[in-house]
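Taking the form predicted on its own, here's one chain by itself in structure tokens.
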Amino acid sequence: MIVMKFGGTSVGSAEAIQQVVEIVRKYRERDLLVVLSAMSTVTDSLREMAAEACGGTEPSSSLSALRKRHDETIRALAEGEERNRALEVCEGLIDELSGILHGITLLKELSPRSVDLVSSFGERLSVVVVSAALRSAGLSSLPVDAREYVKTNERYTEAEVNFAETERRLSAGLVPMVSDGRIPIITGFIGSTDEGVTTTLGRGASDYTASLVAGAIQAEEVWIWTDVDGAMTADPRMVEDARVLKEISYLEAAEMSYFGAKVLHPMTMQPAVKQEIPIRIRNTFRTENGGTVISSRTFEAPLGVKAVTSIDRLCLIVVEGTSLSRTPDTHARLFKTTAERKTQVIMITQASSEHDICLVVDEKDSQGTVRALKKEFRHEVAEGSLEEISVQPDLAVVAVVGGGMKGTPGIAARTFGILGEHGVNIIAIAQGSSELNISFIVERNDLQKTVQLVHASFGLGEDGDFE
């Protein structure tokens, strides 16, 4: 069995969904399960509607646009009874959504629980549309609401999965459907609590659902269909000769994803990694390309490095003080403060003298985090044991990633040598004990130049054995 997941762009229009139908038809004999995202931009639109309703205004025009988009898509893809049934189901879902938004308008209150419920309608609508299109094409399929199978806690917007119960339900519920010759079309992104309250799973959530399904049914592979050819040696918007990597390991994919590459989030891969199920990233609109396979295997790049990834719009928060080395609870208090604010700390560096600790965070989190840290350490700042907590804006992190870096001498020298030759200033450096990456901070204005220089330095754009 193969689990196929189609992202928002892959189901974003009638033309795109017709391509999905052709892909499913081509691989039908492999025993398929399909996981779907909402149609492109729908989830953002739903959350905007919820925010508008919270402000006391009925989002009537947005609801009408949502209704029209799904109605027109169904009419373009399905005929006869299939069309009528799908139109009726979607109409009922949008009426249900309208009632929920009306309640939010009256209350002028929007809880995370309500956000999850509103957000769930994108996937619930898309499975109806695609299932109708498949049945109209002669492919036996049925829409499946993942809330019946994916069980979570009550951490709304980023719910944590109860793996044991979810695996039991998925296996018991989905395998018989496939055995009966049907193709389950499953809502990605959403789950529910033990009490049946709707939750969502957070970042990369539809991919996560696909991985959960694959792990539960012990699938052969997971295929993630998207709008890119696969994981690449660099962002092609920055580097013209960036190339698709045909094979990377789970660990390499995790490092690349963490540092900004368009690869699966590590949490998304977890269920598949546990069962060692390969994950293949493929382009819905360029099916002739094999894409990237993520598995426990990997190839060795000639110079150890496989990709150069990056994240911009970052800030560096610096906590300095001569007494840091004599204050053992400083780190605990610092990370307690960032955790309470739910600030994602992208990178950490500390001088061996322990005179300062540097945290790299997203620029949107910087001011609030600095205020929280100043409040936490106000007594130390007042008495002078800590200097003023400062922030340096307009930065970017660049990561050099590759499973072959460990034990390969000269990686750092090659990386920083080329940058030194071209006048790029390195603000901070970090390297994990896994030796799968070297990451460093540069000024945002130097980001593209840095990525291009390092990519060229390791010959990642040249013809060679990158498979």
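For clarity, a rigid core is taken as the largest C-alpha set superposing within 1.5 Å between two forms. Start at 1 and count along the sequence shown; that's the residue number. Everything numeric here is computed off the predicted structure, so don't read it as measured data.
One more form of this protein exists, namely the form predicted in complex with aspartic acid (ASP); it is left out here, but the text below deals with it.
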Of S131, T73, S206, T152, the one that lies within 4.5 Å of aspartic acid (ASP) in the model of the complex (heavy atoms): S206
Contact residue in the model of the complex, from A38, I441, A53, V400 (heavy atom within 4.5 Å of aspartic acid (ASP)): A38
Partner contact for Q431 in the model of the complex: aspartic acid (ASP), 4.5 angstroms, heavy atom: no
Partner contact for F121 in the model of the complex: aspartic acid (ASP), 4.5 angstroms, heavy atom: no
4.5 angstroms heavy atom contact with aspartic acid (ASP) in the model of the complex for W223: no
Residue stretch of 25 to 33, 412 to 420, 54 to 62, 38 to 46 approaching aspartic acid (ASP) in the model of the complex, non-hydrogen atom distance within 4.5 Å: 38 to 46
Partner contacts for 286 to 319, taking aspartic acid (ASP) in the model of the complex and a 4.5 Å heavy atom cut-off: none
Threshold 2 Å Cα movement between this form and the one not shown for V263, core superposed: yes
Shift in CA distance, G7 and V263, in the model of the complex relative to the form shown here, given it is 3 Å or more: closer
